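Just so you know, structure 1 and structure 2 below are the same protein chain in two forms, each on its own as structure tokens.
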Structure 1
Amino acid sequence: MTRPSPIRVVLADDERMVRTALRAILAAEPDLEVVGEAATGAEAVSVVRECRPDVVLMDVRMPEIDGIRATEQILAGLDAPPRIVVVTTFENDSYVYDALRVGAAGFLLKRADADALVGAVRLVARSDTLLFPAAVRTLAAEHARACPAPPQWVARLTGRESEVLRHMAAGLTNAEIARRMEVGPATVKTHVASVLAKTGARDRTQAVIAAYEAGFLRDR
């Protein structure tokens, strides 16, 4: 119908065979045109800058600069950046979250069939009103925000102090903590005092709040 010019696509993947396969699939569609390839993240950034594609299929694992950073740089550096579809091998890849956070238009599994591939390219080229509105990016951003750089005091806690804080955040009393850690109650009090001092908390409740706010219990 309305296709004065084809959708311009750039492929970024460190494996030549993958690029070839993708190019073959896309070449079969008259409305799609592969205008560039890149084997590294850095190369992807420069190729995109030259070729000005509509869509980029970006692999995550690449030498020098990974696909996430490349996506970040491309989106930050251009006035009218292309839609970037991040390509992953495993769907439980943690890169997925990063991809969303840095502004990828979508992501694609390598095992996707040809139909899904071309459908995806056409869809993201047209709009992102479907399936990936800002809300999902917000979701990803929240996920990232949930575990930010731990406030300095986390690093300053000694091993025992960390243990004690963890037990405090479990709602235990000093006596209970002492039993769990097999030390005297006085020792626990000492550690608690250190934790309060280092966290700037006035009492154990504030310390627990600090622990939660700092995502201190994230790795439990």
Structure 2
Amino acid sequence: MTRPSPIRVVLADDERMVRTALRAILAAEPDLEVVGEAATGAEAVSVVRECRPDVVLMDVRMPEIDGIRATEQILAGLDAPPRIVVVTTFENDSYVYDALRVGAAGFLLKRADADALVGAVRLVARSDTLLFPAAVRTLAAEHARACPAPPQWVARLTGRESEVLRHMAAGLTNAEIARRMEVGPATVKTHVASVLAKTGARDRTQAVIAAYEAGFLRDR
């Protein structure tokens, strides 16, 4: 049987010791491969364009340009961009929230253990779920830039799309949503695509952030 291709990872952090530690953890896993490193935000953009990884572990505070701008440039500059996980010291950092707003798939604390790191990389690379939904909800409560009035897309959501968006915010995968709603996975996939189109989101994380800022998920 042919083994699946390893998940290709780029490490972006201005501290060499951090990159070395991350590389050692990931290199011990047969399905993960570190294909590049970057010490600045600008270098991260360049390395990602050259190496075309599946996942980027991105520090938010780096020289030249920070992880937020680097994330934005990577996602805007590639037709098939990688999933980006922000790596941070402080989980309630407004920088992290801003990175999620521009398209990061989730975030990971620098104090996370090896199992959490490896699990996060695998999750964002090969899953359609939201990384750490409870933490995203906490960040949104702390930093969401509330809209003065609900945007038009809220009223355009169908009942089923609204239900799907709430399940997305809870971190359910398409398969889990399908079971919960008693519909087929293809139907859920269609609803998710419609939610992304109506919210103007690149991915599930941006859609959930938009939902919090619109007040759609407030007090839920």
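Predicted model only: the values in this text are computed from it and were never measured. Take the two forms, find the largest set of C-alpha atoms that superpose within 1.5 Å, and that set is the rigid core. All residue numbers here refer to structure 1's sequence, counted from 1.
Comparing the two isolated chains, structure 1 is the one taken from the form predicted together with the DNA; structure 2 is not. Fitting the two forms on the rigid core leaves the C-alpha of residue 16 displaced by under 2 angstroms between structure 1 and structure 2. A movement of the C-alpha atom of residue 25 falling short of 2 angstroms is seen between structure 1 and structure 2 when the two forms are aligned on their rigid core. Relative to the superposed rigid core, residue 161 undergoes a CA displacement of at least 2 Å between structure 1 and structure 2. On a core-based overlay, residue 173 has a Cα shift of 53.5 Å between structure 1 and structure 2.
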